[in-house]
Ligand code: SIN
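Take a look at this single chain in structure tokens; it is the form predicted alone.
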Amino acid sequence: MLVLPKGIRHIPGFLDHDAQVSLVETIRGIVTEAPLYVPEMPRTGKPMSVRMTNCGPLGWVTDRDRGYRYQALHPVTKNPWPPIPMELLDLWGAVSGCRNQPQACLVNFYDETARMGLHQDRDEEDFTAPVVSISLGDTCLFRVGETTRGGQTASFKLASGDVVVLGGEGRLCFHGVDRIYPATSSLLKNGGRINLTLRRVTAGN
């Protein structure tokens, strides 16, 4: 039996098939308004292997010159991000244990070659609120470690409809995506995986 670090919760199949289909349609609308783009690593400008966008009052972005940060405008269109849809706010309310609503929802698209190295979500002011992650589409191999780099890690598969909550002692655990398993879901017409990550950014209400 896989034992996860304290504060890490994996909720398999939280979203049923109909809810997944509905959420994908909602995300398509968000991407129409705020197109996916390729973020860059700080300093090196190396393109990340995922494409991304955001919804909510704030969006997480990164580029070579200014690095990791949150901002209110899409870096390409310069328009405000679309609002977080109600179904995601309801999901947050159901699993987060946080009375304050999320301020940002990252939308990451993984094709079959995309990866995400081990990292901490620490660009926020408020670490008391959890990070809530939703998987849609192809299964991935998710890895979670300790709160210091180089600690022990555990890996498990995330299927479409699964939810992961990083909260409490696990809020700052290192985590990443090692691989995508192609053709493991028919949810997305052209394959791939969508990851939605809900976050509080500022402290207080």
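Predicted model, so just to flag it, every value in this text is computed and none were measured. In case it trips you up, residue 1 is the first one in the sequence shown, and so on.
Only in words, not in the display: the form predicted in complex with the named molecule, which the text now covers.
Among 89-97, 75-83, 122-130, 102-110, the region lying within 4.5 Å of the named molecule in the predicted bound form by heavy atom distance | Only one stretch qualifies here: 102-110.
Just one of A159, V177, I30, V165 has a heavy atom within 4.5 Å of the named molecule in the predicted bound form. Which one?
-> So the residue touching the named molecule in the predicted bound form, by this definition, is V177.
Can any non-hydrogen atom of A114 be found within 4.5 angstroms of the named molecule in the predicted bound form?
-> No.
Are any of the heavy atoms in F142 no more than 4.5 Å from a heavy atom of the named molecule in the predicted bound form?
-> So F142 counts as contacting the named molecule.
Counting only non-hydrogen atoms and a 4.5 angstroms cut-off, does R199 reach the named molecule in the predicted bound form?
-> Contact check for R199: yes, within 4.5 Å of the named molecule in the predicted bound form.
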